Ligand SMILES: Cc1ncc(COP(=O)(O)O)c(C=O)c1O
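Shown here is one chain on its own, the form predicted on its own, set out as structure tokens.
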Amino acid sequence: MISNVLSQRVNNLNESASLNTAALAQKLISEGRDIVNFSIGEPDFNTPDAASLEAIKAITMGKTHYSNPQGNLDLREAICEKLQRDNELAYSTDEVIVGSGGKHIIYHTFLATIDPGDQVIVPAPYWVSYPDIASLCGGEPIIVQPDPVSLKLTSTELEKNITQKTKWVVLNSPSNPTGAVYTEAELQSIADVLRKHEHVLILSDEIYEKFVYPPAKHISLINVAPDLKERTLIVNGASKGYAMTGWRIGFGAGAKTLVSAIKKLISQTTTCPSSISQEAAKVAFGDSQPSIVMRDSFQVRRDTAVAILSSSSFLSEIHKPEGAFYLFLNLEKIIGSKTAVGRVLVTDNDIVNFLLEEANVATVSGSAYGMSPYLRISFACSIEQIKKGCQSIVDALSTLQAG
């Protein structure tokens, strides 16, 4: 093959670290290794029956053709109803765009708005794809460090990093990878800064909103700052809250001008969202009960994982996440430790490899999310796997010698 066949754009692009780790874990499992996979970022529940049956019905009725690039009208109506019912937010159908997953919406949003040199503020720790999508679309990701305790973006750090080149600020609540949930006061403080910079747009990624553990509550930025609605795009979808990651339905809610631009791009890229998936999502968005069942189960799993891992002197201070289904563990006490064979663990990647080799547990390093030394553990797996995997981690760590 010709050596320069690939573009510099693709050569500079990173693969998703979490997807790579999950694929490695599956490969090892297929080879006979007894691996507990804590790297998976999706619910382990089945899609709600009502949504699946609606998809089957759609197939038998021949609803298998092209649809509106913006998404079917009846699905957008269901999304508007969901936003009003669940979030107390009022949007019209021409302010909603449906895509092939939330990532698809974010990519087309940045592609529609970013010119070379535009900056995108991405608070660390961040979902792995934000910086790469910004770069892929010609922008410059500006990584902003969080409050060291809450691991959330502060208004002070936001103010320090906004420039005339800033185009977008990304907010993710509940957060992947930390599970942090922004409070009303925190959002109000951020909104106060954003009001002073009218050229800045806000991408509010709320894909984990269904998984917030009482007494915490999910609040959208627009709930506390309705005056910022025209500058904000809410990104959400069916993947997490409705266990529909493979159906690939996400949506954006925002200004008509932006929605129209994204629609134009979709018409020239993926043409439209899957017609069958749209029928399933229409039903899913109308029923929150399956999400409540999943949330309650995840809360039990979270508490179980925290209880076991906290028994390790290396992991004595574990922050219990308020949302999503991840633990983000601080590894500072482990860095510099020696394994039984004398190998020094220098980075969080070293610790990830150690746990895979010695504990048969797959995790993802904090460096993948822009913050070291940390470790992300997904508790979106059975309670039996959580007990087994967390105890294996504790046992493996007990073999380490202080550096």
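Residues carry their position along the shown sequence, with the first being 1. Only a predicted model underlies this, so the values are computations on that prediction, with no experimental measurement involved.
One more form of this protein exists, namely the form predicted in complex with the ligand; it is left out here, but the text below deals with it.
Q: Of 111 to 119, 259 to 267, 150 to 158, 207 to 215, which is the one stretch near the ligand in the predicted bound form, taking non-hydrogen atoms within 4.5 angstroms as near?
A: Among the listed stretches, the partner-contacting one is 207 to 215.
Q: Taking 4.5 Å between heavy atoms as the contact cutoff, choose which of 229, 301, 248, 295 touches the ligand in the predicted bound form.
A: Contact with the ligand in the predicted bound form is made by 248 alone.
Q: Between the options 330, 239, 166, 72, which residue brings a heavy atom to within 4.5 Å of the ligand in the predicted bound form?
A: Flagged contact: 239.
Q: Does residue 141 reach the ligand in the predicted bound form if we count a contact as any heavy atom within 4.5 Å?
A: No, residue 141 sits far enough from the ligand in the predicted bound form that none of its heavy atoms falls within 4.5 Å.
Q: Decide whether residue 182 counts as a contact residue for the ligand in the predicted bound form under a heavy atom distance cut-off of 4.5 Å.
A: No.
Q: In the predicted bound form, is there a heavy atom of the ligand that lies within 4.5 Å of any heavy atom of residue 102, even though the partner is absent here?
A: Output for residue 102 is yes: heavy atoms within 4.5 Å of the ligand.
Q: Could you confirm whether residue 285 comes within 4.5 Å of the ligand in the predicted bound form, counting heavy atoms only?
A: No.
Q: Along 169 to 200, which positions have a non-hydrogen atom within 4.5 Å of the ligand in the predicted bound form?
A: In sequence order, 172, 176 come within 4.5 Å of the partner.
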